[in-house]
Every structure is written in C-alpha cells, then in structure tokens.
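Before any questions on how it binds or moves, here is one chain, the form predicted on its own, in structure tokens.
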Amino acid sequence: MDLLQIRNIQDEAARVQKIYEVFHEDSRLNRSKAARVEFLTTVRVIEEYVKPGDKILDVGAGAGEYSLYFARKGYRVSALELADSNIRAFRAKLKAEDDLDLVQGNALDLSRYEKASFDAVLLFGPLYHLSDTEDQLRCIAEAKRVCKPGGKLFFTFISNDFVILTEFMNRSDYFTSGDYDKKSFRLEDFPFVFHTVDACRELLRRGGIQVLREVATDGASELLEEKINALDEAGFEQYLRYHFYICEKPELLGMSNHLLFVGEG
C-alpha cells in the first residue's frame, strides 16, 4: 500500500498501522551516527530526571529503542505500542534477561495502568499522529493521570518549520510544489502531524502541563547526515558537544525535525 492509499484511510489507528509498514521505525534512531543524535540527546535529558529503579512508561514505544535502553539500565519499564510492525521489531530485540512489560495498545486509553503509578512517562510518537485537538488533549490527560505527583512527562513533536528544509533537501522543487500552504508555511498533516514551537507550548498549556525544558533533539543532523557520518569518533563526540551546547538555545529551538518538551502535570 502506498501513501496515497494510506491517506484515504479514515480510521486513525488503522492509518497509523499502515504508515509504519512504509516508515521503518526499527532503524530510524540507530542506522548511523547522524540518526543517533536524536536518541543520545533525548536520553541525556531524561537521565537528568530519573534514577535507576524508577518506573517508566513508554507510550508509543516504537521498536523499543528507549524502553530497552532504560530497562537494561535498571529502570522498571512498561511499554505500549500500537503498530504491529513496531511490536514485531521490538519483540525481535528482546533478550531472555530483559525485564519489561510490552503490550499493544492505544495512547488514548491507558486504563490498564493505575493512577499515579509511574515516575516518568514518555510520549514519543502519539502526538505525531493525532490530528484532532481533543484527541491530543485526551492523550496528554491519560499520560498525566498515570504519572506520580512530582513525576516528569516527556513529550515529542515533529517540527513544522524545519521539516520544510528537510523536504527541500530531498526534492529540489519542494518550495514550488510541496504539500504546504505557500503563504503560512503550514505543512499538510500527513503522513505525520506537524507543530510549530508555539503550537507545542499552547497544546501543553491547554493540557495542564507546566513546561520545564524545551529541546531541539536532532537539530540539523538529518541535513548534515553525510558530513556527520563521515566524522571519526573524536569528531563525532565534539559535534555532539556542540549540538548539546545549542539544542536548548531559544533562538534555535525550531531548527530541528524533532522537539522534546519536559513537563509536570
């Protein structure tokens, strides 16, 4: 099934299933040095707020990159994922000694988990797909409900403004024929839902989230992929230091394909 056919699927959950048959989440965060920048940045931020033994819920766990990392570091991890292809990829990575709970489910319904039962809740994917604002707020409310008082919530979004440049790198005619409003520069919300930085802030405000940090998790790494991948280990480590130096600068926040917001309910 191609993207044109997927676009016509009305049921959101069914559409997400098909999207991840086209986009392979299993390799997205680990296929190269450049692809690893988002993961390394995100983990670095999360580890400032949690301690081994804490309970983490990974909602929209994808192929398990974050769940497995934290489970193998001694955290008690529960993971929930919707897409069949991601579940299969996740299970293929599991080792006998991995102690985590993986279930298939929808971020709009976390009723299987008790109220205030997790020290941290990761929402790394659901807001890429929920186009209806009420569904987005319901998703946030469910994450808040299962997070302990004083616990931390981590939300990721795909950045509307920078994706335009990423698409231009892949298509030289994108500025004239791309799927965006030519005056407002608003992207069409397919195959993912896109947010500006201000839209992220407003959604989280409406969801009752107090934002503590805002991070441009991958910055320009996709645009610079070839150069980053050509770096030796010392060069890559220095690039990461530079990225960490700029990724929370307010003036550069929107210049990233992915955004991370840390908050409390």
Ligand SMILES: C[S@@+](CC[C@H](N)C(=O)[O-])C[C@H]1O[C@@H](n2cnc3c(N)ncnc32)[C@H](O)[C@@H]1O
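Remember, it's a predicted structure, so these values are computed and weren't measured experimentally. Sequential numbering from 1, following the sequence displayed.
Omitted from view is the form predicted in complex with the ligand, to which the following refers.
Visitor: Even though the partner isn't displayed, in the predicted complex is V37 close enough to the ligand, meaning a heavy atom within 4.5 Å?
Guide: No, V37 is distant from the partner.
Visitor: At 4.5 Å between heavy atoms, is L100 in contact with the ligand in the predicted complex?
Guide: Contact with the ligand, no.
Visitor: Even though the partner isn't displayed, in the predicted complex is F154 close enough to the ligand, meaning a heavy atom within 4.5 Å?
Guide: Taking the distances in the predicted complex, the answer for F154 is no, it never comes within 4.5 Å of the ligand.
Visitor: Spell out, yes or no, whether the shortest heavy atom distance between A61 and the ligand in the predicted complex is within 4.5 Å.
Guide: Yes, A61 is a contact residue.
Visitor: Want to guess which of 143 to 151, 174 to 182, 104 to 112, 90 to 98 is within 4.5 Å of the ligand in the predicted complex, heavy atoms only?
Guide: After filtering at 4.5 Å, what remains is 104 to 112.
Visitor: Could you tell me which one of L29, L240, I209, A220 places a heavy atom within 4.5 Å of the ligand in the predicted complex?
Guide: Contact with the ligand in the predicted complex is made by L29 alone.
Visitor: Which one, Y128, Y75, F162, F118, lies within 4.5 Å of the ligand in the predicted complex by heavy atoms?
Guide: None of the others qualify; the residue that does is Y128.
Visitor: Under the 4.5 Å heavy atom criterion, name the residues of 1 to 37 that approach the ligand in the predicted complex, in sequence order.
Guide: Heavy-atom contacts within 4.5 Å come from V16, Y20, E25, R28, L29.
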